[in-house]
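Here you get one chain, nothing else, as structure tokens; it is the form predicted alone.
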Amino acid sequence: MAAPTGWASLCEKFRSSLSLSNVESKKDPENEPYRSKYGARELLEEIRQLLGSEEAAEAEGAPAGEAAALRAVRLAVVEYELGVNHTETEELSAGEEHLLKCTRLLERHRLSRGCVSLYIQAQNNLGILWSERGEIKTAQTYLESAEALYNQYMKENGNPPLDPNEHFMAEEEKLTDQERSKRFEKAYTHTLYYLAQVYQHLEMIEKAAQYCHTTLKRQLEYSGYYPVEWALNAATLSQYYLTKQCFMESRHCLAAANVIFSQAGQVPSSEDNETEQDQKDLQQRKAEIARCWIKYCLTLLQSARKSLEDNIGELDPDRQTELKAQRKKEEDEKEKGRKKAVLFGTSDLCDSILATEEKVSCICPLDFQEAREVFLVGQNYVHEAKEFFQFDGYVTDHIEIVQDHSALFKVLAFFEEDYERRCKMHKRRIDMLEPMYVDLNPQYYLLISRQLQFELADTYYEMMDLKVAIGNRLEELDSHTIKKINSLAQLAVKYYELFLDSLRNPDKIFPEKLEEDVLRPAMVAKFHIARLYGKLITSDGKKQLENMQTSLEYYTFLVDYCEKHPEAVQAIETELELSTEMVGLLPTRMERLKAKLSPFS
């Protein structure tokens, strides 16, 4: 029978292996990244050899049957640690072998207090290992098995199980039930965390979101999280809720992300002094969360517009009145029921999250004042995101943020009743987009360049329409208004033409058949140019005739293209219908104008 000192020596070896693996390995030099891991492995191999002897198995005077079970569990712990060790040193096959040995040793007793936590952790690691191999379905099997085992144990037993490391501790060193419970719940939280990722890979998006939400809640409950990582995951989850139009849940995730992220500066890092890179990473994560807030504000405003617009895209006052009447009653009931399911954190944390939530609504705005409040929150986050994602160094990110800022102005303009003020909002969009477009090299940023061309054209087009509407309210158009309308129309044409030119091949020939992703934008550009030439105001009859001829050519292009490619019709039904009508009407109008210009010919 082993002397007590022999068992104490074994426990000491085990503790040393853990220290090498978890602490010392972080200090390993770059040219020997696994030095401590290999050291830990040697110690574990020694322990395994010693446990293999009958003498070690009968440690501490345990009866023969009990000793065999005890030895099996201790061997399983060592096999588990060796499995993790090999996996972390990128030796997946050896890692799998040790983890499977661990589960085989525990199989008969996996629901016992001494084995359940270790078995679940082995299943978790097998799940990670198979997902790293790209075998997501196999990973899913292991992780769902771990989840089922946790649920079965909690239903049939429920007492805090032993932590695997306790099998190498003296009685006086054993953990309290509270600590055991905390560690067991942490292992199960890992199961849910990995399952969320597996479901994401398998495109089971709703299930992935549900598991992600549960994981985040549990991490807060058991204080097992890194603030920055937690905040980013919560912000990412908010974007899923946005796709489902669940604005209350989305806002809650974002508010929680802000509150938890603010803890990042208070939690000491593993290094005593943060490097410049650490600070930069922190700023980047903050900017990424800000971008999620921008999307929240933008989507909320766009959803409101969709519910309020009439068939020509203007605000419908009757619909506005109707929605205002039913909103209060409905939202109060909805919020009460749904809030319970999504709340994060303890009461103190909830208070901080609630205070952040109160800064922005989760209810679709129904008038300009409400829309402006959401817009201003979004705009603040635009400024915050741009602090990190600057044009010099982050071209694509910076432009996307500015495009979102432009989209915020666009949707706010929908709620503005005054046409002049609406026009000024669109002018703000021009002022932020045009300088970026000028500085952009289309050779390297073709797609973004096209997006900006089209958006600038659309914005000038919208401004021209507004100026025409303002002019229609006047008794007579003055020269200033005419000049403004023509100038805006010409600028819109310029950018639409630049967009269409970007589709030409190196020989400057326009494609006979357009790719699906550019079909609708190209046809809309052609249609709008046709309409813009029809809007140009001139007292010169000859010039008017030229404009009508150009307009006819663009309308005809649409009609001819759809005759050659009938599959395109679905993408531009409204534009095609109007183009066909204009192709029929314009020649007659042109003939009349010609007759008017030369009455004696």
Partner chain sequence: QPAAEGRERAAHPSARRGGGAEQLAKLRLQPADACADRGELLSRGRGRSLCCQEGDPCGKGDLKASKMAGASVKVAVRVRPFNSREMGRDSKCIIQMTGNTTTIVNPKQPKETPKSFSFDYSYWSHTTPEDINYASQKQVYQDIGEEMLQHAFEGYNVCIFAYGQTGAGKSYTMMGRQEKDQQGIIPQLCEDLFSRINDTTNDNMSYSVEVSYMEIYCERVRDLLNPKNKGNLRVREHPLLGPYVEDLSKLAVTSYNDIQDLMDSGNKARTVAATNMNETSSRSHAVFNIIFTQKRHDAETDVTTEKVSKISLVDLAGSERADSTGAKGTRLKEGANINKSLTTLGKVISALAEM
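Note that the rigid core is defined as the largest set of C-alphas that superpose within 1.5 Å between two forms. Numbering follows the first chain given and starts at 1. Since the model is a prediction, treat every value here as computed from it, not as a measurement.
The same protein has a further form, the form predicted in complex with its partner chain, not shown here; the description that follows concerns it.
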query	finding
Sole residue of Val402, Ile470, Ala72, Ala208 within 4.5 Å of its partner chain in the predicted complex, by heavy atom	Ala208
Interface residue in the predicted complex among Cys212, Leu118, Ala304, Val78, criterion: non-hydrogen atom within 4.5 angstroms of its partner chain	Cys212
Contact of Arg251 with its partner chain in the predicted complex (heavy atom, 4.5 Å)	no
Any non-hydrogen atom of Asp501 within 4.5 angstroms of its partner chain in the predicted complex	yes
4.5 Å heavy atom contact, Gly158 and its partner chain in the predicted complex	no
Residue contact check: Tyr419 to its partner chain in the predicted complex, 4.5 Å heavy atom	no
Heavy atom contact within 4.5 Å of its partner chain in the predicted complex, the stretch among 392 to 400, 174 to 182, 378 to 386, 319 to 327	392 to 400
Val84, Ile128 and Leu447 all contacting its partner chain in the predicted complex, non-hydrogen atom within 4.5 Å	yes
Residues within stretch 451 to 468 having a non-hydrogen atom within 4.5 Å of its partner chain in the predicted complex	Gln451, Phe454, Asp458, Glu462, Asp465
Rigid-core frame, C-alpha of Lys207, shift of 2 angstroms or more between the shown form and the other one	yes
Rigid core superposition, Ala290 Cα moves 2 angstroms or more between the shown form and the other one	no
